[in-house]
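A single chain comes next, written as C-alpha cells; it is the form predicted on its own.
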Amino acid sequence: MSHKQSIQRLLDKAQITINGTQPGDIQVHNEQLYGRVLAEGSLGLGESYMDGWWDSIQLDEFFAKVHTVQLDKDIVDKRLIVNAVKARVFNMQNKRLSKRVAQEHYNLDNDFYEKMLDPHMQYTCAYWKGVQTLEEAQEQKLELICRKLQLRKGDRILELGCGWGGFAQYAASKYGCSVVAHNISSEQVAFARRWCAGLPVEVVQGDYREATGEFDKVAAIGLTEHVGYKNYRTLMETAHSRLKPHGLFLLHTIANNASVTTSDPWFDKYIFPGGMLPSVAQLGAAMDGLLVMEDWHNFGPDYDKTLVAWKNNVDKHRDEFKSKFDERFHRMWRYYLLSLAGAFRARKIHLWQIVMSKQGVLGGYESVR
C-alpha cells in the first residue's frame, strides 16, 4: 500500500477526501506530504502546511473531523515519546525554562497582538452568551470573572500571569480594587504598566512562584497552560499561601480530557514551548486537601468562536505586517488558531473556569453564569 493510500484510509474514518471539494477536505500540492506525515506525525503535518504542501477549504473543520474520530491515535508520533521522557526526567517549566514561551511567543509584537485582539487585549477565551462581537464577548468574560470572584471596592487582588494587563485595568477601574500582577514577558509588562498608569495596579516582572503578600482574591487567567504537570500543586500552594482565610481563587485554563505530561510537538516547537493542558484528575490532585472547589464551569465551545474571530482579525490586517512577518509565519499562525478551533469544536479540549476558596465560603458559594 502506498503512503497516499495509507493516509486516505485514515482520512476515510473522518470522511475527509484528498483533493475533495467539501469543507474539511484537503488539497495536496506536494505528493511527499503523505510520507512526511507518516514519518513525522503532528510536526510533519504542521510544518508541511507552513511549507505550502497542502491546504484545506476549511482548516478548522478539517481538524474538527480529525479530532472527532481521534485520528491522532492512529499515527505513532516518536517526538511525543521523546518529549514525555524528557518531561518525566526534567521540570520543563522551571523558572529558567518557563521564560522560553515569553521570549518566543508573548514578546512577539505588541502591535500585532493589538490588531488581532479586542480593545481589552484579552488573549484568553471570550464569553459569547447573548452577545455578537469579540469586544462584547471579552468584556463579558471580564465581568464574569469579577462576579465569580465577588469583587468589592477595596479588595486586594493578586493576578498570576497578567497578559497585557486587561483584567488588572478592568478590576481597578470598574470595581475599585488594587491589583498586584506578575508576568515574565517583558513586552507585556511594559504594555501593562503604561496602560494601568494612574491606577492602583503594580505590575511585577517575575515568576508566579515569586509572589508575596496577602490578598482577598487571586486570579490565574491563561497561566495554567504554561505551568506544567510537575508544578500544578505549586500553583495551588501559591494561591493558598497568598489568600486571606475564606478568600477566592479563580483559575481560567484550557484543559484536556485525559492526563498528559507533554504537549503536541508542533505546538511545543512553534507556539507554546513547554505548554501542556491539565486534566480533571491533575487539577483535582493539585488542590486535594488544600483548597475547596466551589464552582467548575466549562464553556469550551466559546473558544471555537474566539479563535475564529482572532483569525479573521489577523487576515484583516495581514498587509500591515508584511514587512515583519512572511507568508510562512502567516500560515503558521492560521494553522495555530484554526487547528485549536477544530479541537474545541470536537470537544477534545475545553475551557474551564474553576473557583476555589481557602477554608470554604461561609454560607456557601453561589455560581455565576
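Numbering starts at 1 and follows the sequence shown. Small disclaimer: the values here were computed from a predicted structure and weren't measured.
One more form of this protein should be noted, the form predicted together with another copy of the chain, which is absent from this view; the next part is about it.
- Interface membership of D288, defined by any non-hydrogen atom within 4.5 Å of another copy of the chain in the predicted complex, is confirmed.
- Although the partner is absent here, Q15 sits far enough away that none of its heavy atoms falls within 4.5 Å of another copy of the chain in the predicted complex.
- Among heavy atoms of E139, none comes within 4.5 Å of another copy of the chain in the predicted complex.
- With a 4.5 Å cutoff on heavy atoms, V361 counts as touching another copy of the chain in the predicted complex.
- Proximity to another copy of the chain in the predicted complex holds for none of P119, R156 and S178, with the criterion being a heavy atom within 4.5 Å.
- Comparing 188-196, 220-228, 130-138, 255-263 against another copy of the chain in the predicted complex, the single stretch with non-hydrogen atoms within 4.5 angstroms of it is 255-263.
- When another copy of the chain is considered in the predicted complex, only one residue from D295, D268, D207, D216 comes within 4.5 Å through any heavy atom, namely D295.
- Shown here without another copy of the chain, the chain has R345, A346, R347, H350, W352, Q359, G360, V361, L362, G363, G364, Y365, S367, R369 in 344-369 lying with a heavy atom within 4.5 Å of that partner in the predicted complex.
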